[in-house]
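Before any questions on binding or motion, here is one chain by itself as structure tokens, the form predicted on its own.
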């Protein structure tokens, strides 16, 4: 459960801050984040992993600079997957030597940017990427300004996840097979590039720690084969993927998660975590206002001012988010909470038990801090919402609402 999010005298508050006050001041739809929740979760994982490691927050889950700056200022690293996220990480204050760059489609220009900035590790995902890195190495006189790692697919059977969430499978576009990766490690070593990392990432929303433990066994076996060839690495990037129960709001065990990777640390390697959802999802909520009520012979609808433009992961993954009112009510009845977008897939919740709210009242969508704002769009001419951060007993604007003029600012009108 999200810490300190509770009803006080019938009104939903986060710590000492009443959420209705924020909604009325900044309007809706509105993302609200708790900096204390966000930083507290990163620090908890740090305490649980009692071995040499670097915890990198995954910017693809949330890239709001005033929020992720909390991580940078407290010594954590960043996991990025594009030149844009590398730029954001720099602006947020992350040390280049605490940045890892993953991603299936890194362009030559992005790899060059990473080399110029001197990041910690570039996770290579294809032979084509490696060839460019090798060319860069040759042209720079046998020196690279970042560490080289290869992303390896370790075949582990996952839980019953949405097919889009299993990214470590044989038929996934991500990474290299063990055989392909081993040959590239050998070639890099012979070419005196001297790789210093191994990367794997199994998927997302993984709750069974046995899956991570099986991957660890395969990784240790692979690392032993590299050692036999004289290839000794420093870092093992274990990716992310720690799952959350969005329906029951149960917490992942950071201790069990960290312990899963201890056997690799015991072999003398430093661990890199690419943690995202388990930190950012519970650290954010989405506040939306009821703009219309609609009753049909089949269903009761609450039409709200947030939709798939703000929380795409619901129609994309058929995901679930718990919805609660900002003001407590007594009697409840089932409603479909739907957005204003002209798509039948635009819903936030179906058959949600809620009080019979009036138009103008507010709803709160929980666990909305990950893969929501970062996946927002301007579809249907929608402007991006404002985003607010709560820190202690105060709150402040982190991102202002996009204006209509900004919506068309890239169009050549004159």
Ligand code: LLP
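Positions refer to the first chain, counted from 1. Just so you know, these numbers come straight off a predicted model, no measurement behind them.
Another form, the form predicted in complex with the ligand, is not on view; read the next lines as being about it.
Student: Counting only heavy atoms and a 4.5 Å cutoff, which of 179-187, 91-99, 324-332, 234-242 contacts the ligand in the model of the complex?
Tutor: Only one stretch qualifies here: 234-242.
Student: From the list 214, 313, 289, 134, which entry has a heavy atom within 4.5 Å of the ligand in the model of the complex?
Tutor: Looking at the other structure, the residue within range turns out to be 313.
Student: So which of 371, 347, 362, 26 reaches within 4.5 angstroms of the ligand in the model of the complex, heavy atom to heavy atom?
Tutor: By the 4.5 Å criterion, the partner-contacting residue is 371.
Student: Mark residue 106 yes when one of its heavy atoms lies within 4.5 Å of a heavy atom of the ligand in the model of the complex, and no otherwise.
Tutor: Residue 106: no contact with the ligand in the model of the complex.
Student: Please check if residue 60 has a heavy atom lying within 4.5 Å of any heavy atom of the ligand in the model of the complex.
Tutor: Result yes; residue 60 sits at the interface with the ligand in the model of the complex.
Student: Please check if residue 112 has a heavy atom lying within 4.5 Å of any heavy atom of the ligand in the model of the complex.
Tutor: Answer no; every heavy atom of residue 112 is more than 4.5 Å from the ligand in the model of the complex.
Student: Taking any heavy atom pair closer than or equal to 4.5 Å as contact, tell me whether residue 282 reaches the ligand in the model of the complex.
Tutor: Because no heavy atom of residue 282 falls inside 4.5 Å of the ligand in the model of the complex, the answer is no.
Student: For the three residues 201, 204 and 375, which mark the spot I'm curious about, does each lie within 4.5 Å of the ligand in the model of the complex through at least one heavy atom?
Tutor: The answer is yes; 201, 204 and 375 each reach the ligand.
Student: Can you tell me which residues in 264-280 come within 4.5 angstroms of the ligand in the model of the complex, by heavy atoms?
Tutor: If the 4.5 Å heavy-atom criterion is applied to the ligand in the model of the complex, 264-280 yields 274, 275, 276, 277.
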